[in-house]
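In the block that follows, a single chain appears as structure tokens, in the form predicted on its own.
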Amino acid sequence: MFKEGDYILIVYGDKRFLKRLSKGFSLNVKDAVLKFEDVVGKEEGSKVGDFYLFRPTVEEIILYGFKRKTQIIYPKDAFYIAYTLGLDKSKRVLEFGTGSGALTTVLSLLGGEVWTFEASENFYKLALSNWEAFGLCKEVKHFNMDFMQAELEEEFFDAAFVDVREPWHYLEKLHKVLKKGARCGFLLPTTNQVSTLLKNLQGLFSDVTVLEILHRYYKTNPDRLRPEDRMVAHTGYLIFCRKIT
């Protein structure tokens, strides 16, 4: 049952709200009101008036709960990244370009040991704040420094993901810290950045793929089933490759 301090996903029609249940809590939507005493003690899936009460998934926490100062890696990309990198609990994963910590959250849930580096102090503190708020990434090794400054063993990581503006500057060091044949991924927003990266990957990485993931929802009226008027289309280009020797 829901208790004080819990995070709750509240669904009202096509609207979703992620709220923490605390005394004095109140949510007003149009003429409907949901209060603290309406929620405490209710079971997941309960209906109160026109509100439905659920426990949020990791995807919903990232989309509706994480604070951000720049575009996050959306769950539609993040879970695919983890899958393509071949993560499991035996894998040690490198990430640099932590940002708001959204991808780190997914990597930590699906992978083993996660090391993440963020050069910006503002972004670093934001990621820590997001994780602390939702009790996430407790085992992640996080560093407020540029990856180039890190002293790391060679062939230390099983996989890596990079989300920085000019990743080609980091490729030689990245190559050194990855194990032989390890998978590596990148996120870039523009085609000219992708072209520059592809040129610089030669001789260090192979088995290269480039893709983007489009995500379209449908209206759930069974009598008028059709796509939503808007969709999350291009969020970034994903580039994957493997280390060669």
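Each residue number is its position in the shown sequence, starting from 1. Every value quoted in this text rests on a predicted model; they were computed, and no experiment measured them.
Not on display, but discussed next: the form predicted together with a further copy of the same chain.
For the chain shown alone, Lys199 is a contact residue for a further copy of the same chain in the predicted complex, at least one non-hydrogen atom being within 4.5 angstroms. Phe36 falls outside the set of residues with a heavy atom inside 4.5 Å of a further copy of the same chain in the predicted complex. With a 4.5 Å cutoff on heavy atoms, Val232 counts as touching a further copy of the same chain in the predicted complex.
In the predicted complex, a further copy of the same chain lies within 4.5 Å of some heavy atom of Pro56. When a further copy of the same chain is considered in the predicted complex, only one residue from Val177, Leu27, Val194, Val40 comes within 4.5 Å through any heavy atom, namely Val194. Within 4.5 angstroms of a further copy of the same chain in the predicted complex, the stretch 17 to 46 places a non-hydrogen atom from each of Glu43, Glu44, Gly45, Ser46, taken in sequence order.
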